[in-house]
Ligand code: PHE
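Have a look below at one chain only, the form predicted alone, in structure tokens format.
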Amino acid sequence: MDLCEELRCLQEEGVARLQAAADEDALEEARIALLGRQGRFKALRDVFRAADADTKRVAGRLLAAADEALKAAWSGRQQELRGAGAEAGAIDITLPVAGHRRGSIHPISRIAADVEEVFTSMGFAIVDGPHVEEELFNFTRLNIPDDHPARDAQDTFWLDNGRLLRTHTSAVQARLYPSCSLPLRAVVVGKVFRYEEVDATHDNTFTQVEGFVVDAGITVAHMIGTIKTMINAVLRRDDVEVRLRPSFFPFVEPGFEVDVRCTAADAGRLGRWIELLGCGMIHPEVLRQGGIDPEQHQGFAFGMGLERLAMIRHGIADIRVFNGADLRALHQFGA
């Protein structure tokens, strides 16, 4: 194929390729291949310069025509693609302004942050543990025997691999004791899971805060003072009435349940007293399981459901509000 025929092919094929480019990237790739420093047009122009005078007289017009046609095709296609892009991204200024809905922090997240802030101010460390727990930490090291009803399928979500969804944040105690240095003040905030019938004050998934202190000379008085300080701070009142009732928990001795008196305004269907948390002096066996000598160190621990604390603070009568799908019940907590 002589030079003139190659120039005609270049013009025909090049224009077709440029006009068929699907986007600006493909168009640029075609331009470089055809008109770039190492492109086909440059190669034919070098051949033209080395040709004899007779060939140049004929091929000169074809070279100029190919150059003009290729550049025109590239420019035209570039304008088409840019115009289509601008049209696709155009903004219709006649449309009404989209409304902005103000979000809000979930009440449980808000009260959890308040609880952590209170305990941090008292020198507690914030720790955490896994939701999928081992039987060793959730039961055995907390002095819960093999025949304890809490291990039954009626109370615990067991997994096929022998693990379980933790039933309390007390499991973090068992994980922390072997590696901790004394004295110890720590608090855990996290989800726990129990196979319970859901009603106004019970749910199968809720948020629990676990606090525990281990040191020499710790007494029940330290525990009561810590709990009352936390409740007063979170409820933002200094007149909160609490009462302790003797109770049994395998991992504390003695054990208590703590009730909070509701005011007439926030009682609702909850009654005048609502059970808020369980607590007690850490059982000596739990300390031994963690490698701590109970003759030298004592401690207290308590576990509390944040949903119930939020119910008292905000006057909410049904715990199902927190895990429900009705956003109207949560928007009221927006700033």
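Remember, predicted model here, so these are calculated numbers, not experimental data. Start at 1 and count along the sequence shown; that's the residue number.
There is another form of this protein, the form predicted together with the ligand, and it is not shown here; the text below is about that form.
Item to check | Contact label in the predicted bound form: Cys279 to the ligand, heavy atom within 4.5 Å | outcome: Taking the distances in the predicted bound form, the answer for Cys279 is yes, it comes within 4.5 Å of the ligand.
Next on the checklist: Although the partner isn't part of this model, could you tell me whether Val188 comes within 4.5 Å of the ligand in the predicted bound form, counting any heavy atom of the residue?
Outcome noted: No, Val188 is distant from the partner.
Checklist entry - Is there a heavy atom of Gly290 lying 4.5 Å or less from a heavy atom of the ligand in the predicted bound form? => result Gly290: no, not in contact with the ligand in the predicted bound form.
Checklist entry - Can any non-hydrogen atom of Phe249 be found within 4.5 angstroms of the ligand in the predicted bound form? => result Output for Phe249 is yes: heavy atoms within 4.5 Å of the ligand.
Checklist entry - Taking the ligand in the predicted bound form as the reference, which of Leu306, Val286, Ala66, Ala301 has a non-hydrogen atom within 4.5 Å? => result Going through each option in turn, the one that passes is Ala301.
Checklist entry - Tell me, which of Arg141, Arg194, Arg77, Arg151 has a heavy atom within 4.5 angstroms of the ligand in the predicted bound form? => result None of the other options qualify; the answer is Arg194.
Item to check | Which of 104 to 112, 232 to 240, 163 to 171, 119 to 127 lines the interface with the ligand in the predicted bound form (heavy atom within 4.5 Å) | outcome: Flagged stretch: 163 to 171.
Next on the checklist: For a quick check, can you give me the residues of 190 to 217 that have a heavy atom within 4.5 Å of the ligand in the predicted bound form?
Outcome noted: Counting only heavy atoms within 4.5 Å of the ligand in the predicted bound form, the contacting residues of 190 to 217 are Arg194, Gln208, Glu210.
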